[in-house]
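Encoded as C-alpha cells, the following chain is the form predicted alone, with no partner shown.
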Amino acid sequence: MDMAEQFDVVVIGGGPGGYAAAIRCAQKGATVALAEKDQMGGTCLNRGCIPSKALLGSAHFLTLAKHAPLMGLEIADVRPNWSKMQARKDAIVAGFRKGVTGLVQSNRIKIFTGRAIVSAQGKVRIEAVGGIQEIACKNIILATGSVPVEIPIFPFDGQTIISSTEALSLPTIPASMVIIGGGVIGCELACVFAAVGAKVTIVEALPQILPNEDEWVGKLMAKELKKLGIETMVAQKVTGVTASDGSANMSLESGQTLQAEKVLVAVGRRAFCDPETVQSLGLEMNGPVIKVNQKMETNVPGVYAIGDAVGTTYLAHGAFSEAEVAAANATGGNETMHDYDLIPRAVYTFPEVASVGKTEKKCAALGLDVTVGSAPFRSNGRSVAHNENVGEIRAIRDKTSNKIVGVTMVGATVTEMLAAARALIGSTEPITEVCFAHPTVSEVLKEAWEDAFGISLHVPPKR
C-alpha cells in the first residue's frame, strides 16, 4: 500500500476562514493541503457576500438613477436588465474564484477537490470523482461552513420556496416575493428585488427587523425600506406555506394570509460539519456547532475549527479573525480570540447599517451606565450634496470607565467607516486633535464621538 502524502496542516473547507488559515500556515513555513468539496471561496464568494453585493451594486445604481431629477439631471427610461445583472454578477464571482485559487496555489498549498472526511486523528480521506485518496497530517483545521436554515413545516423546493442560494440566481424577476426573516440576508435581498420592481414583503417573528441591532435601527430601517416599496411585518410568524402553480399562499399566526410568486426563507444559517468526521473524531458539539475554546481548539488535540462551523459570527471577516488564531496555534503559536463584540457588523441595505462594540440594549442588559452621543447625516455637507442624508451615528460612552464601548451607524457608506469606528472603542478622550477633511461623510462619526463627551461643535446641546 502506498504511503499517504504527509502535510503539517490539512485545512478542510476553502471559504474565507479555510483559505486564510491555509495561507497563514504556509507563510509560517508549514506544508499545507486544502480540501474543498465544491468551489473555492465557499459560501461567501459563491453564494453569499460577493454575488449579493454585485446585485446590490446594480440595484443601488438603479435607485440613484431614479433620483436623477433631484440632482438636476435628466435620465430617460431607467430600467433593470436582469439577465445582464446576473451575467455581471457571475463574471465577478468567477473572477474572484480564479483569483483566490491562484492565490492559494502561489503559496505552495496543495488543493484537493472532493469531500474530505477525517477518518482518524491525523488522517484525512478525500472522496473525489476520480477516486479516493488518503493524506496524513499533524494538525487539522475544520472550516466546513454552514447551510441555510430550513423550516421543517415548509421545506425548500428550489422553485417557489427558496433559500438565498436560489434567490441570487433567479432566471427572471418575480412579480412578488415574501421574505421570511428580517435579518441581514432578508433585508439585503429585499433591497435588490424591490429596486428591480418586485413587490416585496418581509415577515419577521421578532419585534423589529435587524433584531441584533438597537430598536432605533429597526424602526428607521423599516421606514426607509417602505420608501423603496418594501412592506415589513414584525412580531409575525408564518405558520404554513402551500405552493402550487408557480405561486405560494402563506398563513400567519395572526390569521392573515399572504400570496406571492416566490417565498424566500432567510431565517439564518446553520453550522455544518460532515457527520462522519464528527463521529470518527468524537468531536464535542453543541447541536450542529463544533465546540471550541478561545484558541479555536476542539476537544481533540491537533484539531481546530473556525468560521461558520463554530457558530460564533457567521461572518466572513469573523472567519478571517479566527483563521489567524487557529493558523498561529496549529504552527506552534499561542494566540486566543478575544472580544467578539469587536468583530464589526455590516448590512448593505439602502441605507447601510454598520456597528461595532456593544449595542445600547447589550449595555442595558449588562447594567452599564452609559451616555449616547449622536449626530445626523442631514446636517453633513457632503451627505446633503450627494442626496444621501438619511440616518445617524451613535457612539456609546460608559460613564464609569469613561470609554467608548460601542458605535452604531445608519447611512450611506457607513460600512466603509467601520475600521475608524473600531478605533474609537476603548478610547477615553474626544477626538478634537484628529483633523477630519471637510466636507466628508466621516465627519458625522467625529460629531457623534464628541457628542458622547458633550463637546460636539455641530450637534446642538441636549436640554
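From a predicted model like this one, the values you see are computed outputs, not experimental measurements. Each residue number is its position in the shown sequence, starting from 1.
Just so it is clear, the following notes concern the form predicted in complex with nicotinamide-adenine-dinucleotide, a form of the same protein that is not shown.
Any chance Lys53, Gly186 and Val267 all have a heavy atom within 4.5 Å of nicotinamide-adenine-dinucleotide in the predicted bound form?
-> Judged in the predicted bound form, Lys53, Gly186 and Val267 all sit within 4.5 Å of nicotinamide-adenine-dinucleotide.
In the predicted bound form, the one of Val347, Val325, Val200, Cys273 near nicotinamide-adenine-dinucleotide [non-hydrogen atom within 4.5 angstroms] = Of the listed residues, the single hit is Val347.
Identify which of Leu368, Ile151, Ala243, Ile173 has a heavy atom within 4.5 Å of nicotinamide-adenine-dinucleotide in the predicted bound form; exactly one of them does.
-> The residue in contact is Ile151.
Pick the stretch from 235-243, 131-139, 380-388, 113-121 whose residues have a heavy atom within 4.5 Å of nicotinamide-adenine-dinucleotide in the predicted bound form.
-> The contacting stretch is 235-243.
Any of the heavy atoms of Glu204 lying within 4.5 Å of nicotinamide-adenine-dinucleotide in the predicted bound form?
-> The answer is yes: Glu204 has a heavy atom within 4.5 Å of nicotinamide-adenine-dinucleotide.
Mark Gly318 yes when one of its heavy atoms lies within 4.5 Å of a heavy atom of nicotinamide-adenine-dinucleotide in the predicted bound form, and no otherwise.
-> Heavy-atom contact with nicotinamide-adenine-dinucleotide at 4.5 Å: absent for Gly318.
Using heavy atoms and a 4.5 Å limit, would one call Thr313 a contact residue for nicotinamide-adenine-dinucleotide in the predicted bound form?
-> Contact check for Thr313: yes, within 4.5 Å of nicotinamide-adenine-dinucleotide in the predicted bound form.
4.5 angstroms heavy atom contact with nicotinamide-adenine-dinucleotide in the predicted bound form for Gly145 = Although nicotinamide-adenine-dinucleotide is absent here, Gly145 would stay clear of it in the predicted bound form, with no heavy atoms inside 4.5 Å.
Judged by heavy atom distances of 4.5 Å or less, which residues of 391-413 approach nicotinamide-adenine-dinucleotide in the predicted bound form?
-> Contacts from 391-413: none.
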